[in-house]
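Presented as structure tokens, the chain that follows is alone, the form predicted alone.
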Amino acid sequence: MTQHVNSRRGSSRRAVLKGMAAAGVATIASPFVVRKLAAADPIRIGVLSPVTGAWTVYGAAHSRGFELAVEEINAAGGVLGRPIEMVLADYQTDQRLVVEHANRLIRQEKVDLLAGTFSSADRNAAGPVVKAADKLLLYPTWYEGQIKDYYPGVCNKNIFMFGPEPTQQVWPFMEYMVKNHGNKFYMIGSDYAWPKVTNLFTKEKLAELGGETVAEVYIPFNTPQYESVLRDIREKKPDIIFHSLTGSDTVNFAQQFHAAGMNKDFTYWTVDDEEVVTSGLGPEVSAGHFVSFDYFMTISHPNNKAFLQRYQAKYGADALMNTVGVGMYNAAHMGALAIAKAGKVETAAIREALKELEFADAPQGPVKMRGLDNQIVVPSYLMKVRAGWTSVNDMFEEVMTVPSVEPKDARCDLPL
């Protein structure tokens, strides 16, 4: 069951993904009809999702992943004899609306816990709200890792991380990339926390391997031209372009990099361009790029095949899924398992039950929530974009797989 909570404000003025809007990625359909319950009172979970605004192309998989899991949970009888009700709030990729909706969901909608937000900035905006209200937030997105300087957006006992951090997304493949493609890295990213902290941890591992960072460049959002950066790359002669740009900047840079013929001279490794972004780049521009994540639609794990069959049966054969949608799917199922384990719907009990909880049916392969720092333990995959791909079904070639990656401890006062 899904209830939608709409904002009173207009759509966000930000257009971070305007360069990807023409990619043909499906968006959320019109709101679902609210159905009255005929059974026991539901367990209400508030979902903060960017259904509209700059991150709309992620919002589809983000909210649908959670909704599919809720449908599966309720079909199996719910939790503690009660159905799950998903109360969906579109925060329009606007951090101000994250705070407004989080407060509304907790105080007016009386939800029992929260799931969602997309970016680290969105999560950080919700952090003080869940801390003050003593409610849990299940966060689905790959991110920069927890450092106590960013508390209460991280290092917060009420926030559980269902997406990978750099020592899971990057570190497992550093030795392979250095050995096979060289140890001189040129780092280019968007000018905010996630790329900067991701690069901080990447440089740490690169130094261990005897590598060198020849440049570290951060680009303002919506930068149209990269001539000076491309010239700098030519001059510094790196082996690997380590890319953490986001949104339209990913498209602009990759297109200009390809147009300059530089894809033939340098290895391109990104920690951002999963199915949605790569679809926006197209086969010619994206061919040969390395991408690392905990989930891809093309991974061969049997859990994934069954998951995609259910997902596309519900949302259509062309519906895209990605790491964030899978994070939301896992969060819903593990939240339900924790409530069942706790035997009651109460924050402290659910929080304790989530720690060390395992979920064998996760689409990317079995996962576990680490109790020490509320960080998910996930598989990790290094993929290479195939030349001439025609769809997500033949987009990626699996280069290297690590079935379970235990992350480095969060840089927090532990245990949380």
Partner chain sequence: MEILVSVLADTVLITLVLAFAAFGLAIIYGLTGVINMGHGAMLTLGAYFTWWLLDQGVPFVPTVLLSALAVGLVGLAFEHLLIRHFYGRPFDTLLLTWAFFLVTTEVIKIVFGTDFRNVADPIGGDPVNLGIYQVPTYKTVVALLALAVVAGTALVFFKTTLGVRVRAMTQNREMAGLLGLNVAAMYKLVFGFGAAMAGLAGGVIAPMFAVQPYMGDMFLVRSFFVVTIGGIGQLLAGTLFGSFAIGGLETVLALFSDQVIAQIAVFFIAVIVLRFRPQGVFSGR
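In this text the structure is predicted, and so the values were computed from the model without any measurement. Positions refer to the first chain, counted from 1.
Omitted here: the form predicted in complex with its partner chain. The next part is about that form.
Screening 141, 248, 298, 322 for any heavy atom within 4.5 Å of its partner chain in the predicted bound form leaves a single hit, 248. Residue in contact with its partner chain in the predicted bound form (any heavy atom within 4.5 Å), chosen from 210, 343, 261, 77: 261.
Using a 4.5 angstroms heavy atom cutoff to its partner chain in the predicted bound form, all of 53, 231 and 255 count as contacting. Comment: 273 to 281 is the region of 287 to 295, 322 to 330, 169 to 177, 273 to 281 lying near its partner chain in the predicted bound form, near meaning a non-hydrogen atom within 4.5 Å. Mapping the unseen interface onto this chain, residue 303 falls outside it, with no heavy atom inside 4.5 Å of its partner chain in the predicted bound form.
The closest non-hydrogen atom of residue 224 lies within 4.5 Å of its partner chain in the predicted bound form.
The closest non-hydrogen atom of residue 316 lies beyond 4.5 Å of its partner chain in the predicted bound form.
Put simply, residue 204 is far from its partner chain in the predicted bound form: not one heavy atom of it is within 4.5 Å.
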